[in-house]
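Presented as structure tokens, the chain that follows is alone, the form predicted alone.
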């Protein structure tokens, strides 16, 4: 256990011992408030109705509405959209020239989100969503982490720019909600928006447009950037360990199960967790790991520290997927998606997408790192990304490319 004092957020207490981590992330949700812990940086973008910013009974009620669309069988149906997005993206990569994987992975994961969450299949409409998502990501960074900037000081101030782009994004989301409500037979669609429009609270009331907006924004924010970053780290680590790449390519070529693919995914998320903190705000004085922590303190389960404990993972800094072939990790020692009633709702979705995209890209292309120097972790929003965007070189296409005119590399590949 250790404490760090952060500007604007005060003293934050970190725990990194598995039993203490368990106590924090599975503790009484009325005592351990995750919503308040998240709301500081996230509420301006996600809203007050977001699953990530709610607590207690309100959180559980909203979570029940969101669970059915993420049922295992329904998620498996989304695999085709994931594979098609990856195939479309890799077809436009330039041969023999360095480029960053991060924007490429972001294009894949955003297309998947727009098709499976929003049900948007029209390329022109997807382009509008993509543009606004990129712009909102850019203007939200300073106001998320520096609350003092949340004042309108004129057209050039960060807050005014943020409010302008957020309003444009909201207008597009509300427009999509209205279009779907008016669409005959939308009940037969299986995208998440169509399913949420049919969801009902315990009193029989449907979700309001504002609730829908906040949850859709949450699903985009939580399921787009994080998965894209995990895919970047998977390639950054795998390509620098030829033994791992060879074994994974053999499994993919064999067309059998995906045991080693699953192990590579898990080892990537162990060594490079995309989100490194699980935050709770204490509503009462609480004893954790033998210490009394006062009410009002932010307590954090330090994912990145737990994942490199040498008593849990021998040679913890080594990228060795085989460690996950020997059995499941001990409880609360592998927690890239958190745990308890606040475990990431889209964990199964994200893990499937990582594996589907990895398999598709390995079947289509042979890559190498653009530099011999490994990329260091760097903070970006609430995620930890490769410092140079996971730069690679496409050495060989393993299937013919079909480049569309809308692809960023269409005129140069």
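Nothing here was measured: the structure is a model prediction, and the numbers come from that model. Residue numbers count along the first chain shown, from 1.
Below, we turn to the form predicted in complex with a small molecule, even though it does not appear here.
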Exercise. Look up in the model of the complex whether residue 386 has a non-hydrogen atom within 4.5 angstroms of the small molecule, and give yes or no.
Key: no
Exercise. Using a 4.5 Å heavy atom cut-off, state whether residue 92 contacts the small molecule in the model of the complex.
Key: no
Quiz item: Closest heavy atom of residue 270 to the small molecule in the model of the complex, within 4.5 Å or not?
Solution: no
Quiz item: Do residue 63 and the small molecule share at least one heavy atom pair within 4.5 Å in the model of the complex?
Solution: yes
Quiz item: Tell me, which of 338, 158, 119, 100 has a heavy atom within 4.5 angstroms of the small molecule in the model of the complex?
Solution: 338
Quiz item: Just one of 241, 343, 125, 74 has a heavy atom within 4.5 angstroms of the small molecule in the model of the complex, so which one?
Solution: 343
Exercise. Among 202-210, 217-225, 320-328, 282-290, mark the stretch whose residues have heavy atoms within 4.5 Å of the small molecule in the model of the complex.
Key: 217-225
Quiz item: Is the small molecule close enough to 86, 189 and 358 in the model of the complex that each of the three has a heavy atom within 4.5 Å of it?
Solution: no
